[in-house]
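Shown here is one chain on its own, the form predicted alone, set out as structure tokens.
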Amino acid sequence: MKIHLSRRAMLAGAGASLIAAPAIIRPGHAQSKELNVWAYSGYITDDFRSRFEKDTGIKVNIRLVTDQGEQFNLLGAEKGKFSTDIVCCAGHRFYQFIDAGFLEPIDMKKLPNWGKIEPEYSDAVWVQRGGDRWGVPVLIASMGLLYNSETMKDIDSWAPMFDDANSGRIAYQIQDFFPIAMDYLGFDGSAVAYKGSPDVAQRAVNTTRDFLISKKPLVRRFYDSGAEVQQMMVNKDIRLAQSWSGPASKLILEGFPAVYTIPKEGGWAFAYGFNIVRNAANIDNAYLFLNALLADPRNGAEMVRSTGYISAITGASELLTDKERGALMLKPEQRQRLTWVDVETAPFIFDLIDKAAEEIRAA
């Protein structure tokens, strides 16, 4: 089974902090002195990795990945003999990894630092399935509108993304933007309203697909990575784009004249988390790593600076500068416009969207 998902590559970077000594929990039985992790760029900072290795003697081997599909297909090819202990799953797609038997539920007894995750995220329905928690949420992403503030002013709607006046100056990721387009057209991009009515969902998806095909000539590029949309903005190839908050905030912090907003029709949010694979060879080392990461809010602040996303670790935001908070934090009214992906309806709606996306590309 192959899934086609958009990439989540971010710019790397690091801050500085210390691992709190009380978080170190020694393995209960002998394992290798290594830990294998698949993660996006910047999700494990160089400083944290060095400190963890020094404090524990465990060597962390990181394989950089760029999207959920890459990880899913690699795990599938390994047929249960996984070469990694931890993967980095997005909250709106991790159900696919669970259903395929790739992940281990979190053993809460082995993760005493779970309580250091903001309750808004640790208690969320999307981190649970079948009575278990299936990953450790570490970074919170939102999806909204990014635009050049020198060429466009005070935008509060997705409408300019479909305006002929912006022809050739628009970019988006098809699968990610598709639910937004559904909401814009008056449908339910989360598909919660279509539970038990797959035919209604299909009609909504078909109508949205046809609308996006009709607007395809306006699009300069269906982009893949955060770095790509940043570069198009800097080169002034585009003036507005659907963007995840990470690439947008990094661009703003680097001084580019841009605004990131959640338009009145809404935006989306989900969490990135670290998930332990089933029968992980170094499972005690994996819990040691996760406990150390959650132990100190400064670790969360480092991740914020290296990715541009909001940390799920309690107290991390308080360690940011005013400038960083200004670029990263959404206003209360904008947060209220966000829809969290519904884990129960995601399986069928994303299957429909993935198919529609291929039809848009081929049109």
Partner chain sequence: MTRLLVWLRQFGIYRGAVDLYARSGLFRGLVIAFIPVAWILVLTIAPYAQMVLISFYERYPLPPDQTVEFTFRHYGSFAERPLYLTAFIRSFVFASLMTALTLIVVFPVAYFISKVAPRGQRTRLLLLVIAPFWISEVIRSFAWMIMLSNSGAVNSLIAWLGLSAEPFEMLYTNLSLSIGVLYLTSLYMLLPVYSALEKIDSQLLDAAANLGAPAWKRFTRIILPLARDGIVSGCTLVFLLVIGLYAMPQLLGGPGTTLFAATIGQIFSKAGDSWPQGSAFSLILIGAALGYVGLFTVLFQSRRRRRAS
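Positions refer to the first chain, counted from 1. Small disclaimer: the values here were computed from a predicted structure and weren't measured.
Keep in mind that the form predicted together with the partner chain is missing from the display, and what follows is about it.
Trainee: Might A159 be said to contact the partner chain in the predicted complex, defining contact as any heavy atom within 4.5 Å?
Mentor: Output for A159 is no: heavy atoms all beyond 4.5 Å of the partner chain.
Trainee: How about R203: is it within 4.5 Å of the partner chain in the predicted complex, going by heavy atoms?
Mentor: Contact with the partner chain, no.
Trainee: Is A165 near the partner chain? Define near as a heavy atom within 4.5 Å, in the predicted complex.
Mentor: Because no heavy atom of A165 falls inside 4.5 Å of the partner chain in the predicted complex, the answer is no.
Trainee: Classify A141 as contacting or not contacting the partner chain in the predicted complex by the rule of any non-hydrogen atom within 4.5 angstroms, answering yes or no.
Mentor: Contact check for A141: no, nothing within 4.5 Å of the partner chain in the predicted complex.
Trainee: Tell me, out of D237, D107, E120, E150, which residue has a non-hydrogen atom within 4.5 angstroms of the partner chain in the predicted complex.
Mentor: Selected option: D237.
Trainee: So the partner chain isn't shown here. In the predicted complex, which residue out of Q231, S197, N279, Q128 has a non-hydrogen atom within 4.5 Å of it?
Mentor: Only one listed residue qualifies here, and that residue is Q231.
Trainee: Among 267-275, 287-295, 186-194, 74-82, which stretch has residues whose heavy atoms lie within 4.5 Å of the partner chain in the predicted complex?
Mentor: Within 4.5 Å of the partner lies stretch 74-82.
Trainee: For the stretch 128-157, I need every residue with any heavy atom inside 4.5 Å of the partner chain in the predicted complex, listed N to C.
Mentor: Going through 128-157 in order - heavy atoms within 4.5 Å of the partner chain in the predicted complex - there are no hits.
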